[in-house]
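First structure 1, then structure 2: two forms of the same chain, each alone, as structure tokens.
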Structure 1
Amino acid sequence: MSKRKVKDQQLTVGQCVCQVHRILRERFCFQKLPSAPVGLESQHKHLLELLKRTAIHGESNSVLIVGPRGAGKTMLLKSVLNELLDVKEVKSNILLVQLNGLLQTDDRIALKEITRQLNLENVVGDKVFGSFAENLAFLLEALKKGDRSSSRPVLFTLDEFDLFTHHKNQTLLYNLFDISQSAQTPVAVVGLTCRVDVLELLEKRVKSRFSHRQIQALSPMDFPQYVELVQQQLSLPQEFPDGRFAHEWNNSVKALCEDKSVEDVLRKHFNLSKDFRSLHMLLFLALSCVTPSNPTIKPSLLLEASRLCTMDCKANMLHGLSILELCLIIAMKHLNDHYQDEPFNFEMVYNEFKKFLQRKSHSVHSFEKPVVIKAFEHLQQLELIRPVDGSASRTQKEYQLMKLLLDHTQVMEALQRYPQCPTDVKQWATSAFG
């Protein structure tokens, strides 16, 4: 309390926490760009150079940014673009077209989108074009007929680049790359993809027109840097209204990162993947538990968060099953053990189950067949078992061939953690013979 009195600008704890949430949530959820790119400095420089050349000197280019999901490709591109647009003559000059493989699922849509982003709808009006190429050419022509004789450079960014390769004979890609080859209009094509083998997806004619320039968005990070990154991500900026609180917060973060248990958690995550997304998720989970009542981020929170992140869904679902359903799963497991993962049908499973009932069961009493079928169906709904061939809907339920989508170990440990599981069922599961 006494501290805050001295502060020039005072905020209650609540307000501070609120501020913290605002800033950090923007960072973690909305992917607010950091002031300086993290980990990918070299790539950043390279890309910037490339685009500058297009923007200013008007020479065409094409480049692919390849990297695993959440490695910060988009972030990289965005930051580069920001920087690029800060340059004055570029800003006035360059045209930006941003496409996404998820949205523009075929070339017609893509073309419409391009037209829209170049706001040429009125120019195009209701002209009909023979081919895609003509149409695109017309668009670029239209640009040229703008104010100046020399046409303005256009920058195409294709997110989810690999999806564009699925379009019908890759017309869009072909034309873009073709233009980037011929020197008529300065065009830069930047593709972002998480597929390393993306070049194999390109047709020959397309491939040949692509300047095989690739940027690997892989940060050569080691663990210390990772921890550093974590700290940086969590800490508050200087311009935080309540400097004192910010200071405390940052200290607490510092302390957090030095904590032993936290380090273990982080190492685990680091070994899993060192991408930003998963890290953000982790931190976000931790952050979400920060409330005015406990205004600092503690190791315990982080541990809890990581527990949430690395939870086995299937095991969770298995807990919810009834005894009967569990028995069926065990029966399936036995069938799998017997006939090396051959598909099975309900009749077989029921047969196994009955054998078990006859042999030794005091806890589980026998059920009518329809009741068991109902349980079986429920398992199928949960997609714990899957019909082998989709077309087999016409055959009788009992005889449809199924596959169990759990492996031996999953079943066993689920069984161990199953609340008050009867012992004889456990024995049955462990027993070698069906």
Structure 2
Amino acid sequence: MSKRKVKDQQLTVGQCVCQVHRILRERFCFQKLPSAPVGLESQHKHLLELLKRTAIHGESNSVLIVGPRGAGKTMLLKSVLNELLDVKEVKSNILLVQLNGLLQTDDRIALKEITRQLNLENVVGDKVFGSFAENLAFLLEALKKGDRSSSRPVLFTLDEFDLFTHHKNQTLLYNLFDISQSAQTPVAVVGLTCRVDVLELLEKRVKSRFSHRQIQALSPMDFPQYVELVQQQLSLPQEFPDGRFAHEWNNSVKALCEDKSVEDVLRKHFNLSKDFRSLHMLLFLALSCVTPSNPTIKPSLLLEASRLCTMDCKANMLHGLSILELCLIIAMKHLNDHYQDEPFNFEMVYNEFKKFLQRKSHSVHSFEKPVVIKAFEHLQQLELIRPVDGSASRTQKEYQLMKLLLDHTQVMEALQRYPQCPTDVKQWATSAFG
């Protein structure tokens, strides 16, 4: 009887909203990801077969998983490895070495990491090797089983594979692919990259040793499936403490996904990226506005979340500038228009600003030159302007050549939204002659 009471107990709206935030934030913050990527079943089967041949039969292989960021390349590899390690004979036999191009920036660091992950620091000790190939061969030789001449299979995963192609002479890749072609040690090399032209980055000798197997991780998801995914991500589970609130919430989510304005927002995001992370960011921003006084996600919240997601950061920074700094940006815009985006210096910008003050400004004060220089330097600190590459370091700062890192559209959009922008300044920005 007491259990039934607990099950039927109704929570307050505040408690329900608190539970909604806890459940959905856990889902959106990547603490609960799907076990395998959606729509990549054939790629999963192919990769599993490939790695099984290395782990069980001792056959060396190499393969590249290619796909855009967020397509599920890492998730695909992890799900295959989890399935592979469930096989008892594989788990006790295979060795995993995980490298990342962002962390292992050269072959020396990569070799140290390989030694550490294979637990061979004591074996290597103070030995001196003539070449990278000798060192790697020694490591793999040390892994040979004591009772048989055969070696333990080693699986190398290279995340951000394209960054390894920038290492000197591509020594690491050459040796890994060379070993994967020989019969001496069972090795599988799996590279993950988002560059479709990655094979063009390989040297001829490296390319000749690569198997040229590629697995394309491209999601076949269409728009109706995407909308269904959004609905799933926002829906509450059946075990939610207050069943009535969960039923109302799930109905409101269904109505939300059928709304025409929401459909337009989701289609825009779908066309830009099918990435889980960008979708979670959109839904997270909408969820953050759910309160006890506003206990459901309304279309207006999703529209505002979409606006925040696609906001231009640099144009947004212009809203916090002073009127003087904004005038300098407009002067630079006019110089770009006059001289077809040629570099400018402070003196040119200052002269343009002085012309504006003399000609038509009644609402902008005349500033001393040191004050204007300070404002110009602040724009450089904000990275809205930057020095031209190769401009002489000995040049006086007033004459150092600069480039504006904003385009015409960004400046005009920022002016429209700038709070209490003087009319003279707006007219100057829109005039063709500065």
Partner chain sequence: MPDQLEHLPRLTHLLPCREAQIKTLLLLLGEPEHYSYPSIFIYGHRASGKSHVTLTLLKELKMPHVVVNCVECVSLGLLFEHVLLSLFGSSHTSLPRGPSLSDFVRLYRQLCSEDPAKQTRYIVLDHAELLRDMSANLLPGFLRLQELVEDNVTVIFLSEIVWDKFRPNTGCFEPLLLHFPDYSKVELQQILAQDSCPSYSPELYSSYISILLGVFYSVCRDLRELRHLAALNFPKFCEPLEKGEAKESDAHKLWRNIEPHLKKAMQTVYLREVSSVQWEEQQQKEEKEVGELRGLSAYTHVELPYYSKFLLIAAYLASYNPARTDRRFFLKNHGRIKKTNFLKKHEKTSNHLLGPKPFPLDRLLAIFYSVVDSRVAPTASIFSQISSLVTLQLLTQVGHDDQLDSPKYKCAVSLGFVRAIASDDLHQHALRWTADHRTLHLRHHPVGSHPTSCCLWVRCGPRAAVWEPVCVQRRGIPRQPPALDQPQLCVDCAPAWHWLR
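Structure 1 provides the reference sequence; residues are numbered from 1 along it. Just so we're on the same page, rigid core means the largest C-alpha set that superposes within 1.5 Å between forms. Note that the coordinates shown come from a computational prediction; the quantities given were computed from them, not determined experimentally.
Chemist: Do you reckon the form predicted in complex with the partner chain is 1 or 2?
Modeler: It is the first structure that is the form predicted in complex with the partner chain.
Chemist: Using a rigid core alignment, state whether the CA of Ile215 is displaced by 2 Å or more between the two structures.
Modeler: It does not, since the Ile215 C-alpha is displaced less than 2 Å between the two structures after the core fit.
Chemist: For Tyr350, is the CA shift between the two structures at least 2 Å following rigid-core superposition?
Modeler: No, the C-alpha moves less than 2 Å.
Chemist: For a quick test of reading the superposition: does Ser306 move by 2 Å or more at the CA between the two structures, rigid core aligned?
Modeler: Shift at Ser306: 2 Å or more after core fit.
Chemist: Hey, core superposed, how many Å does Ala246 shift at the CA between the two structures?
Modeler: Shift of Ala246 at C-alpha, rigid core superposed: 7.1 Å.
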